[in-house]
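Starting off, we have a lone chain in the form predicted alone, written out as structure tokens.
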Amino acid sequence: MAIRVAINGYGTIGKRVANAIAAQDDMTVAGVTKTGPSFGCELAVRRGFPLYCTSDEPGHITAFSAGGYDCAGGLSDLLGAADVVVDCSPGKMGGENLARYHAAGLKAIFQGGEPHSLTGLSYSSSANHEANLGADATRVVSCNTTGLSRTLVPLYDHCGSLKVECTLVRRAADPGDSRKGPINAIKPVLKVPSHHGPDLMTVKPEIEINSLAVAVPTTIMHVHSIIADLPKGHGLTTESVIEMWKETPRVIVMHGGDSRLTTTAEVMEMARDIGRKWGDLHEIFVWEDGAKLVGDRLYYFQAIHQESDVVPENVDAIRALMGTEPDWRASVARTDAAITACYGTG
């Protein structure tokens, strides 16, 4: 029987997670929520997703019909029709929502905007899928933390220890958000370390990492500048590290100079060219000619598409919580094959 998944919050991440779930042969979208009638409702209707209101208030529910949309009920009704809920709601609503999910007897997955302390458990497929098996609730780490996990965990698994310094050059806002972000400025995040390093340690505490962050006036991608100190006797070369990443799920390694993909704008254009829905790039992009191992110190750059790299992680997290796939690589392969078949090659 297919896992029935509720999506609470059908916005930037929620709509992508819903599409990814609908592509899986072992899951179905039980429904999605919106606060009121909007174009997002139109997207849900076009995809055939049952539409629910985030509120149980009758007046809020009837507002949908006034806007021309058929609303199947409130959040409580949706929770009653699901096995697990993926919380993609905005703001810091996790505590209140978690209580509702528990009361409804549902497993729950939150996003990286919520604190690790909410569930006491966080998720990254390559780092700790097994630790999440059968759990009641977890939190998929942020887009940046997911990106760090994808390239650093295989290094740690090979070396047995790792010390990392990372500077994150962050986009100021999502493409659809015109309300925030530096306009003509570079804004250092005046918190040292930034939350990204500690966040990585919620899924892979064995990696020693410090991080700094800078916000810049772009909406396209994040870029990480990473220095990783490997232990003596690691046996790696620049070439073998590159090959390791090429064999790692959800990592793309390309030579920027040869492929003319030297900026984030060109990387995003590539995602559109290969037919990805919304121009998404679920993979972490590593510049081959920006990676170099000097003695025991590895330098490299990677780019993160903030709207999409966590999307397949949510699908894998569902299988972990439901206990239907204990092997993270098997889940990743299944998830990615289904998404690729529906939303683009690559």
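Predicted, not measured: the structure shown is a model, and the values here were computed from it. In case it trips you up, residue 1 is the first one in the sequence shown, and so on.
Omitted here: the form predicted together with nicotinamide-adenine-dinucleotide (NAD). The next part is about that form.
Trainee: Using heavy atoms and a 4.5 Å cut-off, decide whether G11, T54 and S89 all contact nicotinamide-adenine-dinucleotide (NAD) in the predicted complex.
Mentor: The answer is yes; G11, T54 and S89 each reach nicotinamide-adenine-dinucleotide (NAD).
Trainee: Classify D174 as contacting or not contacting nicotinamide-adenine-dinucleotide (NAD) in the predicted complex by the rule of any non-hydrogen atom within 4.5 angstroms, answering yes or no.
Mentor: It does: once nicotinamide-adenine-dinucleotide (NAD) is placed as it appears in the predicted complex, D174 has a heavy atom within 4.5 Å of it.
Trainee: How about T35: is it within 4.5 Å of nicotinamide-adenine-dinucleotide (NAD) in the predicted complex, going by heavy atoms?
Mentor: Answer yes; at least one heavy atom of T35 falls within 4.5 Å of nicotinamide-adenine-dinucleotide (NAD) in the predicted complex.
Trainee: At 4.5 Å between heavy atoms, is S126 in contact with nicotinamide-adenine-dinucleotide (NAD) in the predicted complex?
Mentor: Result no; S126 lies far from nicotinamide-adenine-dinucleotide (NAD) in the predicted complex.
Trainee: Please run the contact check for M93 against nicotinamide-adenine-dinucleotide (NAD) in the predicted complex: heavy atoms, 4.5 angstroms, yes or no?
Mentor: Yes, M93 sits close enough to nicotinamide-adenine-dinucleotide (NAD) in the predicted complex that at least one of its heavy atoms falls within 4.5 Å.
Trainee: When nicotinamide-adenine-dinucleotide (NAD) is placed as it is in the predicted complex, which of 281 to 289, 56 to 64, 306 to 314, 42 to 50 ends up with heavy atoms within 4.5 Å of it?
Mentor: It is 306 to 314 that comes within 4.5 Å of the partner.
Trainee: Find the only residue in T264, T248, Q111, S194 having a heavy atom within 4.5 Å of nicotinamide-adenine-dinucleotide (NAD) in the predicted complex.
Mentor: Contact check passes for Q111.
Trainee: Counting non-hydrogen atoms within 4.5 angstroms of nicotinamide-adenine-dinucleotide (NAD) in the predicted complex, say which of C143, L78, M221, L200 makes the cut.
Mentor: Only one listed residue qualifies here, and that residue is C143.
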